[in-house]
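Encoded as structure tokens, the following chain is the form predicted alone, with no partner shown.
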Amino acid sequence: MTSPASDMQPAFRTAVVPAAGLGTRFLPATKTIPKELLPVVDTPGIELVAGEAADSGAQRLVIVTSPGKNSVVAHFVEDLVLEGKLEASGKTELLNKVRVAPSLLTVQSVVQEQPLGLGHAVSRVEEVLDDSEDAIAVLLPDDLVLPRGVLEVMGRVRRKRGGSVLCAIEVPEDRVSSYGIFETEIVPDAVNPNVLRVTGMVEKPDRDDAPSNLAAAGRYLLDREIFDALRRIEPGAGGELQLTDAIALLIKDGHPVHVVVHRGSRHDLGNPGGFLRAAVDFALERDDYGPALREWLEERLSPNWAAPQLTTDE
């Protein structure tokens, strides 16, 4: 069992973003554009997630892609031709925007040849880790967890208690069957009441069988022992390796696993409805789009609003 890390050491250096999916819920848009590059207002979702990782101390981003899905990684590569044109035309604001992604952190990719589950995607990262790295952060690009900062809290928990630390959100009881649900217990010496010990995980339980309403929120700070657990679990339906099963095995082995309950908001970028809500939320917070959008929404949602009618008179 890994002992708690020193307060002087970073909780992790490598952040992992699984991005090998086909994005079928966004077809036909994702026929040619990876869903991770769909813009939340004007910034791709994966850039927002990469920014969160960088803010939390990550030095490297490893993107797990599928064969031929190169444009996700290309987004983080400098485009000197584009930058030169923007600079020559005096478009400084746009120039600064396109320079953000390449400057966030070092980016590399590994390929997941077949869609064999989140656990399999995470296992592909072991080969590119340095021997000195004892933990990785995994950020699901479908999940935007706001405000930023939960990864930093998770890092402090790992430094104090060792093991693996996960993120949870509270969900309505009638929606627990859509999530991986945590079984938890109170940590007697925890100063933060949102830090709980995980005693089990159940993937998409029936409402009556759910041990709680605390759902996995797409942020994992995983001890390196996760790779051994992934080698030991059996594939499930469709031959997929489930990360949940590997974490459950760690718990069974006595590996410390804790959860931080996030009290902010979460947007699900994995479906069009959640994506639209995220875009509206982000736009409302911006000075350039927010005021006009808010005014339009208030007018549009007014009880007196009426849809324009087509005039058919000759």
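Everything quoted here is computed from the prediction, not taken from an experiment. Don't overthink the numbering: it's just position in the shown sequence, from 1.
This next part talks about the form predicted together with a small molecule, which is not shown.
inquiry  = When the contact criterion is heavy atoms within 4.5 Å, does R266 count as touching the small molecule in the predicted complex?
reply    = R266: yes, in contact with the small molecule in the predicted complex.
Does any part of E225 reach within 4.5 Å of the small molecule in the predicted complex? Heavy atoms only, please. Although the small molecule is absent here, E225 would stay clear of it in the predicted complex, with no heavy atoms inside 4.5 Å.
Should L196 be counted as a contact of the small molecule in the predicted complex, where contact means heavy atoms within 4.5 Å? Flag for L196 set to no.
| query | Looking in the predicted complex, any heavy atom of D143 within 4.5 Å of the small molecule? | reply | Although the small molecule is absent here, D143 would touch it in the predicted complex, with heavy atoms inside 4.5 Å.
So which of S123, T184, S109, T244 gets a non-hydrogen atom within 4.5 Å of the small molecule in the predicted complex?
Contact residue from the list: T244.
- Query: Which of E203, E83, E152, E133 has a heavy atom within 4.5 Å of the small molecule in the predicted complex?
  - Reply: Contact check passes for E203.
Using a 4.5 Å heavy atom cut-off, which stretch among 188-196, 83-91, 236-244, 124-132 contacts the small molecule in the predicted complex? That would be stretch 236-244.
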